[in-house]
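Here's a solo chain for you in structure tokens, the form predicted on its own.
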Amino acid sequence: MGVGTMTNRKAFPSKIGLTAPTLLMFFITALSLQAGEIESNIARGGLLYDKWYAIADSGPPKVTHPSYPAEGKKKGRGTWRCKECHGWDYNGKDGAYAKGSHFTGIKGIRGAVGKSTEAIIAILKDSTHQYTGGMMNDDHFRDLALFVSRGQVDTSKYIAATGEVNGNQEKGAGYYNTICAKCHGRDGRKIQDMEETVGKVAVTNPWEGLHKIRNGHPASEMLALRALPVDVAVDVLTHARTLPVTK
């Protein structure tokens, strides 16, 4: 029986016109496609982290978030953005938001790296975060949780506390001019309704710049470079810091 079973197993691929190597490549390709699709989900989670109410169907609450600290300097719907408390560098009070107009004293989300999406979703819906009542649907919660668990990057590896970025400007120019410039212009000032130029964002808030290069900008056609190595995004950011800061 064992010999017959082994013979049947070896013969199976040929019966359907596939060799064993072909089947292996099929499964590898399928897994690669699945991984790529997860990357797109994570990128959308990054958009939700940025400004979830620009992605979800529901409008943002008009009141200040009930858990937003009284000593905080922001009011209204902006206090419902994940980044407003946890920062563009995901370090909250221990990162770039340790002081200034965005200080809240709230910790970051770095400790959630690797946690299950179920656990993260439960936190998003708890009495502190209060993302309930139809604010986001199940897909939104899943993608946001995926980003928190698997989409963060340790920005300290690429951006110093002073804001200096350690990428390769020459490589970044090549990436920027072939990927980004068609919409943003080679000088980063082509999109007139942007509040700030590409250069100004890169210089004044490189953590935000890196987040948006990797995940895109909510409710826009901006490409997300998440599927590419993070070094590519860092190089783009480094080049962007050489662009004009004024419109």
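Counting begins at 1, following the sequence as shown. Quick caveat: nothing in here was measured; it's all calculated off a predicted structure.
Another form, the form predicted in complex with a small molecule, is not on view; read the next lines as being about it.
Colleague: Consider the chain as shown here, without its partner, and state which of 220, 40, 204, 58 has a heavy atom within 4.5 Å of the small molecule in the predicted bound form.
Modeller: Of the listed residues, the single hit is 220.
Colleague: Work out which of 153, 135, 124, 146 lies within 4.5 Å of the small molecule in the predicted bound form, going by heavy atoms.
Modeller: Contact check passes for 124.
Colleague: Contact with the small molecule in the predicted bound form for residue 184, defined as at least one heavy atom pair within 4.5 Å: yes or no?
Modeller: Residue-level check for residue 184: yes, a contact with the small molecule.
Colleague: Taking heavy atoms only, is residue 100 within 4.5 angstroms of the small molecule in the predicted bound form?
Modeller: Contact with the small molecule, no.
Colleague: I'd like to know if residue 47 sits close to the small molecule in the predicted bound form, meaning any non-hydrogen atom pair within 4.5 angstroms.
Modeller: Judged by the heavy-atom cut-off of 4.5 Å, residue 47 is well away from the small molecule in the predicted bound form.
Colleague: Heavy atoms within 4.5 Å of the small molecule in the predicted bound form: does residue 225 have any?
Modeller: Yes - in the predicted bound form, heavy atoms of residue 225 and the small molecule come within 4.5 Å of each other.
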